[in-house]
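Quick heads-up: it's one chain on its own, the form predicted alone, in structure tokens.
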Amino acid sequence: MKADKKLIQWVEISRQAFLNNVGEFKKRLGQTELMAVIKGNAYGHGLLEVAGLAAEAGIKWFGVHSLEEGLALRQAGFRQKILVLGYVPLAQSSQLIEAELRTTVYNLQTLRALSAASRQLKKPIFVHLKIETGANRQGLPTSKLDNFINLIRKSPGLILEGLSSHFANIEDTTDDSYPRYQLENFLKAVNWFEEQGLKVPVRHIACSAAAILYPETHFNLARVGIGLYGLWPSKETLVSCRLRGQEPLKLKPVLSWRARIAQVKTVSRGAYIGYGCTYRTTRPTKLAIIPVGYYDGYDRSLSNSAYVLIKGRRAQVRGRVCMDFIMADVTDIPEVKLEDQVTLIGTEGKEKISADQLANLAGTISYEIVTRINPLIPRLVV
């Protein structure tokens, strides 16, 4: 699909790149099932658009953050196994069950609410207990497992389908000591269940970085998020991959972000540009006014530092990023005109702007750059 001339900005999602990335992870995972983590509007790529591509790729598990994301997928007709990874309010337990969503549990109150809703609806609910292994975010301490298991045993509608956990320091380091410490804690929990005679069919702790670096973390399900979108979890992950003598995955960025020029104007030497008069021209300057700003997810910290691509050439952002506009210097780019295409992330000619590059300029990570792109901006699968 090509962008309609009526669009002033849009996000392109590359079908070929996404399917390539799925294939790369499937080769790495072997027999391990792949869960496509599509929370946060599929890391800014578009929930329904990416879900459609994941279904095309034969993926049977989706990971979402909220009940609302799960319901949106069900309403769109997706019948995959959908696991809610975030928190669901107790009062929404019935909606979880009615939509046949799975949920992550780490509070006894949640189990009690699910049990009551299951009895009332006469329908089961698949639950995944999240074990605290060292991230100290969501998680159930192993010392409290007895209480949870006792309640599950007394509640026929609660089906313990999975055990999960999450790594705290696997992307940001080449030192594997803490990941291995967490893996040991997870294995202790797995062994505890086996000693109790409890069979838990699904075990998952691997994220993108773990799926790439540590085969011993794969178990029978891996939750792959950022990697599916063609972005490496971190530079350290790529370095670790090479240090281990592993062949790096051939990942391709899935997302491109584009817009059209809203005005072309010339200002004199010594003119100030934008709020706060933070940039002053040193020569007569031609500006492209671009209808993208921090409301759209273009970070304000990119003021006077980032560049965009116009006609395959770099155009520096001048002045502060506004709520709805940025200004780019196109003095040295000939024949720039109204409604010409602008690339904010992506490739144009021989030039490229990556989410990682913008993240470095903004002092953040690529995850945030793409996830914060306004969900109201149209996503086009190309």
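Counting begins at 1, following the sequence as shown. This is a predicted model, so every value here is computed, not measured.
Beyond what is shown, the protein has a form predicted together with a small molecule; the following relates to that form.
Contact with the small molecule in the predicted complex, judged as any non-hydrogen atom within 4.5 angstroms, is confined among 35 to 43, 312 to 320, 341 to 349, 48 to 56 to 35 to 43. This chain is displayed alone, yet in the predicted complex one of Arg102, His218, Arg223, Arg258 has a heavy atom within 4.5 Å of the small molecule; that residue is Arg223. For the options Glu171, Glu161, Glu132, Asp296, the residue carrying a heavy atom within 4.5 angstroms of the small molecule in the predicted complex is Glu171.
Mapping the unseen interface onto this chain, Lys199 falls outside it, with no heavy atom inside 4.5 Å of the small molecule in the predicted complex. Taking the partner from the other structure, the small molecule in the predicted complex has no heavy atom within 4.5 Å of any heavy atom of Trp10.
The small molecule is not shown here, but in the predicted complex it comes within 4.5 Å of a heavy atom of Arg137. Remark: Cys207 counts among the residues lining the small molecule in the predicted complex, judged by a heavy atom distance of 4.5 Å or less.
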